[in-house]
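One chain follows as structure tokens, the form predicted on its own.
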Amino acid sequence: MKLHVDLKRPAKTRSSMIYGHFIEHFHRQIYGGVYDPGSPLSDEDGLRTDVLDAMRKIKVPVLRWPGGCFVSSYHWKDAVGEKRTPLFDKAWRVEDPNTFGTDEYIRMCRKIGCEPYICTNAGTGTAEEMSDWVEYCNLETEGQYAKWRIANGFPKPHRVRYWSIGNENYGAWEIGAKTAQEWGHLVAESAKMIKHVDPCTELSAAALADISWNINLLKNSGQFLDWISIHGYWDSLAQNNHFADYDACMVYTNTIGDSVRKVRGLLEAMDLGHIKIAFDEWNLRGWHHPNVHTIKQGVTKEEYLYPRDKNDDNTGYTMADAVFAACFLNMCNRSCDIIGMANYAPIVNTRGCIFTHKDGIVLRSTYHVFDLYVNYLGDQVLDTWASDVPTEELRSVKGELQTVELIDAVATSFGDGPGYAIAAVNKDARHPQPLTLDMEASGKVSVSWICGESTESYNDIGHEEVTIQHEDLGLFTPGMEILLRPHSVNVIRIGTKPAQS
């Protein structure tokens, strides 16, 4: 493939928040994940220091919490202060001790160095409860909730800028699901109360690529919103934990940008250019939680709870996950004029890029994708087009043959220094693919990549197959050809200062 890079046209500045993450009170994401007071690896606040270090290395910019489906029956007031009231989580059917609440989350965000992004209860909750939460977090001293925060040992406001009204309230699986008409009204009233508490908040609301739902939402509350929230999981595994194979995952890359394209068109048609997309849950693989989001519920824990441990099988997180994740991030970079935030779901355990065990952590293949994109790629997205793109007919999970483009690339420059960086993904499972760079540039060339020995390479405890590799390629000349290894994610740097990883 030949990648043509136009250095004369203005670049688009992408937000670092497209490399955001998400964490929910599900399985071992919070308890036994990032928060484990009984572990010798935890600090004085019960937070796992090895997890925090890993999150800092990939410069997590924003972290969405506490859900997810969990939040739609979550009452935040039960999880602040000295007296914590345990919660029976009706979404996931487990007891949550509420020992990790708002203040613990904010403390974690401060230690990571990321922006907090709180998702509110728009299922069983009310507009008043949501705005009370904003009072607790953001007001200086006024009112009972700011005073409660101060009494809890936090004299200064938490200054939470980003808030989401609800989570997937369009779905029948969600506690307190709403009709399109109900949703537009509730979001408007909630946003109004939140903005009365703190006009500096930036608000999102649960949406999807559906015209009827979004028109009702945006007609009623578009004037209050800064963001519109959409989610995407391509390999649905809620009931059956049968992972799509590598080729089928590459077929999924054909539809990565579909919902963004549809929502972009609607925002333009409704003249709501001030609203950006927060793709605030995304992952190739859906989470495995059988017999919960179904009409017929599992009765024994063997039916609905213990199967969630299958999410912890590290052998399943291979180069398919890494290559798909890179293609998604390429889409976000190309669409950075409309996508201002994206949150990988989740960051720890379940399908996350960090896995915890009692003696340490495992960095799955997707972690190294974030490392490459955050620490090696530029923040100015350049205008590119491709010619001679190789394709292959691959079989989807439904057994259909579909044409898949085998190389996905995006070119960037740096707002704070010289040089260029190109993210190039070779989806081809079996063959290297040549990439020709048609651009006027000079300087030393290096490539950093991950691929493993095969498409099935994975990392586990005492088993590390996927790591970032580096190679110097000499001096760049226009029209230079670079061979991309099979099933690889690459960042090619030209004339840059050394990468900081």
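Keep in mind it's a predicted model, so treat the numbers as computed, not measured. Quick note: we count residues from 1 along the sequence shown, nothing fancier.
The next section is about a form of this same protein that is not shown, the form predicted in complex with alpha-L-arabinofuranose (AHR).
For the options Trp148, Tyr306, Phe414, Trp173, the residue carrying a heavy atom within 4.5 angstroms of alpha-L-arabinofuranose (AHR) in the model of the complex is Trp173. This chain is drawn without alpha-L-arabinofuranose (AHR); in the model of the complex, the residue among Met55, Leu63, Cys69, Ile30 with a heavy atom within 4.5 Å of it is Cys69. Proximity of Asp371 to alpha-L-arabinofuranose (AHR) in the model of the complex falls outside the 4.5 Å heavy atom cutoff.
For His289, a non-hydrogen atom is located within 4.5 Å of alpha-L-arabinofuranose (AHR) in the model of the complex, even though that partner is not displayed. At the 4.5 Å threshold, heavy atoms of Trp234 stay clear of alpha-L-arabinofuranose (AHR) in the model of the complex, well away from it. At a distance threshold of 4.5 angstroms between non-hydrogen atoms, Asp198 is out of contact with alpha-L-arabinofuranose (AHR) in the model of the complex. Contact here is defined as any heavy atom lying within 4.5 Å of alpha-L-arabinofuranose (AHR) in the model of the complex, and by that definition each of Glu24, Trp92 and Glu168 is a contact residue. Stretch 226 to 234 is the answer when you ask which of 226 to 234, 318 to 326, 387 to 395, 422 to 430 has residues with heavy atoms within 4.5 Å of alpha-L-arabinofuranose (AHR) in the model of the complex.
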